[in-house]
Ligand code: RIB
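What follows is a single chain, given as structure tokens, in the form predicted alone.
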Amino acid sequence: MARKVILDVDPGVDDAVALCFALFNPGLDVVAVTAVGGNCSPIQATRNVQAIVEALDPPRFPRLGAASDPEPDVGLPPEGRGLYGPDGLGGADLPVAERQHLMPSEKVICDQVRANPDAITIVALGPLTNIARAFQRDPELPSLVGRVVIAGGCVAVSGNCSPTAEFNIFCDPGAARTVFRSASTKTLVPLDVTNRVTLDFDIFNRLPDETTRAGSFLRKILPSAFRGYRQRFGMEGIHVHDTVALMAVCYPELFAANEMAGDVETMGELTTGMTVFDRRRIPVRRFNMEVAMNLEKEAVIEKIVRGLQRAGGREGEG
């Protein structure tokens, strides 16, 4: 039976790749895709979600949720938002028939979880704004969610938005703290593991044919990501943090995780957005999440490639 998931995304080339994988994966029932501001503004994120789903034309269209503006005292940091271009998708300029009356993302999340208690996995691939708002809107919701899988944070490596903070957590540390401290069952997939997966130029030889929707779409968005990584980091490949986090949902056997006590710094002058873990020999804080700390890198890469091939109708794994 397919796992019911809500994908909460801030697309972002990486999020777009994850959507391409998820919408055609027979093991996933994507009941909703909700937009959140992060890699791009809330308005652009909502537009991107609609454009990606329309471009891919999946067998079953999910419900869509519109991103709300961040809280006035939070905002979205400009640092780290230029990697995928001003629109988040490398200037792909995807056509879209924009819907004018989408429900807010947090309401879509609440409705879907209430309709499927204990059966929904929320896959949070952007800032945790929507999840926190849903939990505040419906205080019983954390106990009704099957699991929240979070792409974000770092344990023993440096951040990618500041020396101490990972981008998704840094964008809305207050929301991240709310989710971390909630009663929900959580899995964190931090930079410690996602940094280990790099897609190189060979990926273009293994993508679906450009005559397919998925193949055409991926060839539009991926070159800009490779350019961005080369210009900013001097890398000849790209990280796909969000897609790796999705792999932890689909193939948990490829990951090794530890139970840990995690929290988020919200007020530090130098450490805002830092994920803090009680790693003392005898932790004082109660464990509140599972944290992925290792993965089978080559197997994960192969799963990603085969999933993208499946999206284009090429033979892939089941």
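All residue numbers refer to positions in the sequence shown, first residue = 1. Everything numeric here is computed off the predicted structure, so don't read it as measured data.
One more form of this protein exists, namely the form predicted together with alpha-D-ribofuranose (RIB); it is left out here, but the text below deals with it.
Not displayed here, alpha-D-ribofuranose (RIB) is kept clear of D172 by more than 4.5 Å at the level of heavy atoms in the predicted complex. Among residues of the shown chain, T34 is not one whose heavy atoms approach alpha-D-ribofuranose (RIB) to within 4.5 Å in the predicted complex. Although the partner is absent here, F180 is not a contact residue: none of its heavy atoms lies within 4.5 angstroms of alpha-D-ribofuranose (RIB) in the predicted complex. Residue contact with alpha-D-ribofuranose (RIB) in the predicted complex: E106 places no heavy atom within 4.5 Å of it. This chain lacks the partner; the member of S224, N160, T187, T121 within 4.5 angstroms of alpha-D-ribofuranose (RIB) in the predicted complex by a non-hydrogen atom is N160. Of the listed positions (V145, L125, A134, A248), a single one reaches within 4.5 angstroms of alpha-D-ribofuranose (RIB) by any non-hydrogen atom in the predicted complex, namely L125. The candidate stretches are 136 to 144, 209 to 217, 113 to 121, 236 to 244, and the one lying within 4.5 Å of alpha-D-ribofuranose (RIB) in the predicted complex by heavy atoms is 236 to 244. In the predicted complex, the residues of 144 to 173 lying within 4.5 Å of alpha-D-ribofuranose (RIB) by at least one heavy atom are, in order, N160, E166, F167, N168.
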